[in-house]
Ligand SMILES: CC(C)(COP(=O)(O)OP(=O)(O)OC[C@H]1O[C@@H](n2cnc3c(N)ncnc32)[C@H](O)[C@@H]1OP(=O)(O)O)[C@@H](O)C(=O)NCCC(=O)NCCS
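A lone chain, given as structure tokens: the form predicted on its own.
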Amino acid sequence: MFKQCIIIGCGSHASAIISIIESSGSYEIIGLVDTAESYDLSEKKSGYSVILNLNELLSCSDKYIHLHCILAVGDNVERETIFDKLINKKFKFPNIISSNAFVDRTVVMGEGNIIAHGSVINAQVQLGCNNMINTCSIIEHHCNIKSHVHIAPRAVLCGGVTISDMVFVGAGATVIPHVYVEESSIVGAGAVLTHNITEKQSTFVGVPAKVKKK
């Protein structure tokens, strides 16, 4: 029997998350929860309707607590904020893994992670909570990814990389083995990061990646 879930977020990202949920074959989608104050009950994403907004969900949590929550929010900061609010209300967040992703049996993860189509997570990787591992990204052996991280499509983390909370690794970026990336930093699309990022909220771009001047 399918477990029932609601999707939090109604932007374009929601359609991609719906595709992953459907591929996983484990959940029945009841509807979407808009994060905006005002919302349109006639709005749909991939055939699923908006049923309420986030404030209503939080204020009537007892009515919906039996449903699993799946976040469809790309921005790390917003995703963390919503995740924390719902965790405080005792909502559960499953890990959603596409049927054509590969996750090694030794991978250890928290809750609320989304593993998209074509992604590979190899042996002895640790994942925290509420991470978005996007399409065809590769996380090699012994990487340690904290929480509220977004690894964009076709990004590659080589072996032993550590990614702190709230980091964004852009599409097609590569992080070489054993590099450390500090909290809330950005590795730009297509960048090749060859050294540690030790200051919070840094942005690195280029090949090899260098700090982006403000």
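The first residue of the shown sequence is 1; numbering continues from there. Computed from a predicted structure; not experimentally measured.
There is another form of this protein, the form predicted together with this ligand, and it is not shown here; the text below is about that form.
For the residues Ala36, Ile65, Ile176, Ala171, the 4.5 Å heavy atom test against this ligand in the predicted complex is passed only by Ala171. Exactly one listed residue, out of Val50, Ala152, Val156, Cys69, brings a non-hydrogen atom to within 4.5 Å of this ligand in the predicted complex: Ala152. The partner is not drawn, yet in the predicted complex one stretch among 41-49, 57-65, 25-33, 180-188 has residues with heavy atoms inside 4.5 Å of this ligand: 180-188.
Taking the partner from elsewhere, Gly11 is found to have every heavy atom lying beyond 4.5 Å of this ligand in the predicted complex. Using a 4.5 angstroms limit between non-hydrogen atoms, Asn113 is distant from this ligand in the predicted complex. This ligand is not drawn, but in the predicted complex it has a heavy atom within 4.5 Å of Asn134. Though the partner is left out of this view, Lys3 does not reach within 4.5 Å of this ligand in the predicted complex, counting heavy atoms only. The partner is not shown here, but in the predicted complex the stretch 190-208 reaches within 4.5 angstroms of this ligand through a heavy atom at Thr203, Val205, Gly206.
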